[in-house]
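Two forms of a single protein chain come next, each set out by itself as structure tokens; they are called structure 1 and structure 2.
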Structure 1
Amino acid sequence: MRGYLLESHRGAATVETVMTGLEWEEIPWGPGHHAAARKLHKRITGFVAVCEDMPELHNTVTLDPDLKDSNGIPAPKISYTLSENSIKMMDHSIVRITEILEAAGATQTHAVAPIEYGGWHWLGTARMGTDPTTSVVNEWGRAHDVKNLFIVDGSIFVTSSGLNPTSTLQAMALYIADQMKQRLETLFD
């Protein structure tokens, strides 16, 4: 359901090539290291599938009942698991990416899903909406329950949208600031 975006890059820099080659056991330590690195240099490219991870009620941010900071304030506890839909999208994207790479002449492919060290954008934990029973902030970023609290970050998104959120975050920040300015006289009513 929904879909994903494919991102590609034109190749890996030298250090990334060597680190990738070591991880995939394509480049050994010791004898043959430099020859294997030269063989892979400028011959690695990559794709990333950015999936639209749909809202799941079991994915939450709550206060940890045990872990507290030095002032006794509970730490946030993130509970997250990939949905069946997200797993299906990742599997589908790996098949499509492999087809693309092989059509372009790739002789070898490797897949990692989900990526371990990548850009995970935790979004939707304080979702925006008009109904206080299903959202944390109203349509212009003000908390339903705390009138002087405005949330201006990715937590107000209702889904991840399957794209890098930076431009949307910037647009939302400008929108919320403009809404606050327009409502300045009655902002906390």
Structure 2
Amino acid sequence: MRGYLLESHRGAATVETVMTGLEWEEIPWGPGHHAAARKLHKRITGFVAVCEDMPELHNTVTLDPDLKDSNGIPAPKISYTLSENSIKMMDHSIVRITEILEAAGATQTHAVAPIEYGGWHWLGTARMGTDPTTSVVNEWGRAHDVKNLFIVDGSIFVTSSGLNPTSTLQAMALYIADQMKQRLETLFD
């Protein structure tokens, strides 16, 4: 269900090449380092699949009962489990990416899913919608429950979007600001 975006990357520069080689154990520690690093240098590239994670009730952000910051404000507690759908999407993307890389002449491929380091797009904790029982803000960004509260950030997404979200997020900010301007007379009614 749904889909993902494939993002091709430019070839890695030197430090990134060596770090990647070490992580994948293509480059050993010790005397073999130099030959192995030179074998990969200017010869690695990669793809990323940005998958559309669906809204799932088992994923939550709640207040941590114990952990607090220096002002006594509870830390967010994130519970997240990959769904079967997302795992299938990742598996599918790996097969497609491998095909693309091999067609382009790759002699060796590695896959990491999900990524350990890098961009995780945390979105959708205050989703937008017309129904107050299933969403937090209405279709122009105002909280259903608190009439003078607007939420203008990635939390109003309804899925993780399967794309890099920032441009859409900025467009949403412009849209909501415009809506506020147009509704000034009745904004908090």
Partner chain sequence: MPDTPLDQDEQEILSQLAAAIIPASDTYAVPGADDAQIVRDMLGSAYAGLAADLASFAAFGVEKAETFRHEHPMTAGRLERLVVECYYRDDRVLTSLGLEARPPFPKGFEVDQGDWSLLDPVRAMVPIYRAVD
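Structure 1 provides the reference sequence; residues are numbered from 1 along it. So that the term is clear: the rigid core is the largest set of C-alpha atoms that superpose within 1.5 Å between two forms. Bear in mind the structure is a predicted one, so any value in this text is a computation, not a measurement.
- Between the two displayed forms of this chain, it is structure 1 that matches the form predicted alone.
- Superposition on the rigid core between the two structures places the CA atom of His33 2 Å or more away from its counterpart.
- With the core held fixed, the Cα of Pro132 is displaced between the two structures by less than 2 Å.
- Taking the rigid core as fixed, one finds a CA shift for Ile73 of 2 Å or more between the two structures.
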